[in-house]
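Heads up, the chain below is alone and in the form predicted alone; it's given as structure tokens.
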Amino acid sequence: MKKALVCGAGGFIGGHLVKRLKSEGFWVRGADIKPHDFSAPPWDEFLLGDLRDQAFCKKVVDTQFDEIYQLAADMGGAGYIFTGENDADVMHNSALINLNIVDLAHKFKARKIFYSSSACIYPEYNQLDPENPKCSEDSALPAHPDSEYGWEKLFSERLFLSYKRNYGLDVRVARFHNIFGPEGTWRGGKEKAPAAVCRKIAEVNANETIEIWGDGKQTRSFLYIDECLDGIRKFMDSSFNGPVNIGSEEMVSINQLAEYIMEIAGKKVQIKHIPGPQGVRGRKSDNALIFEKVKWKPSKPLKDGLRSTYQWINEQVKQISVKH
């Protein structure tokens, strides 16, 4: 039986990945600083602890794994990443985790290790036009990410790839573009745009008002979690090291995103635009390289994923209002 390790298994993508790996017949060890918030992923073993701590990491990576997935990071949505207030923690915490895990993966001769980087590594100067962002993998340099989160991700990409060059560690580096779906953070300041807008619309009645940061004309592409997992697994089974984008090429403005969710919810609400952190003006995945190398591309429209995400968040909102 193949053995897999998922670092960050208590998180949104990590929890879903554990389920996927188990369904494929892997023995899975999860590790994270917290249990999963919304479900009990079917891991064979879960180690609770701090991956910044080398002693804990030595308990986590104590044998040869067929596949290691390094998803653990200090991260969140725009309200966490772009205010500037969390920069030192974001850089320090995530870099320490990556330094610990990649070194132990090398020492214990992991057969393959996946690192989840981010579209936040792309230069701000290529994402000023919301209609025509440039996010091909080769456009990352010269570097100018719009956040310290992006700078740390770029450093860690190079860290993993240097372990490949110097030690022959078989790495896979993927840049995620706004992954969303059920069982993800949906309130509290670390949620991403789809979850935040779903929550806001779920919490109000028709014709009431929700707030959106900026003018709402900033654009993004959003990838549903099941599609993301398909991309990860196909990429891991390929012989390509990356970096590659894993995202959707269906780009929408934040105002359009809100309109889609209103349609799904069956209620029209008013939008009030307020100042707030927004990140770059435009961003969408460029999937030419991953399609060429791995033959993967998303298969479902954004609305399909939004439908199941809204239903799940609407249930969470209802449960909380019942409690109060």
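What you are looking at is a predicted structure, and each value in this text was computed from that prediction instead of being measured. Each residue number is its position in the shown sequence, starting from 1.
Below, we turn to the form predicted together with a small molecule, even though it does not appear here.
Peer 1: In the model of the complex, do Arg233, Asn245 and Ala288 all reach within 4.5 Å of the small molecule through at least one heavy atom apiece?
Peer 2: No.
Peer 1: Of the listed stretches (154 to 162, 208 to 216, 172 to 180, 124 to 132), which one has a non-hydrogen atom within 4.5 Å of the small molecule in the model of the complex?
Peer 2: The contacting stretch here is 172 to 180.
Peer 1: In the model of the complex, is there a heavy atom of the small molecule that lies within 4.5 Å of any heavy atom of Lys295, even though the partner is absent here?
Peer 2: Residue-level check for Lys295: no, no contact with the small molecule.
Peer 1: Is Glu67 near the small molecule? Define near as a heavy atom within 4.5 Å, in the model of the complex.
Peer 2: Glu67 lies outside the contact set for the small molecule.
Peer 1: Please run the contact check for Gly11 against the small molecule in the model of the complex: heavy atoms, 4.5 angstroms, yes or no?
Peer 2: Heavy-atom contact with the small molecule at 4.5 Å: present for Gly11.
Peer 1: If you check in the model of the complex, is Lys192 within 4.5 Å of the small molecule, heavy atoms only?
Peer 2: Yes, Lys192 lies within 4.5 Å of the small molecule in the model of the complex.
Peer 1: Sort through Val102, Ile201, Ala140, Leu71 and report the residue having a heavy atom within 4.5 Å of the small molecule in the model of the complex.
Peer 2: Answer to the contact question: Leu71.
Peer 1: In the model of the complex, which of the listed residues (Lys272, Lys59, Lys34, Lys268) lies with a heavy atom within 4.5 Å of the small molecule?
Peer 2: It is Lys34 that has a heavy atom within 4.5 Å of the partner.
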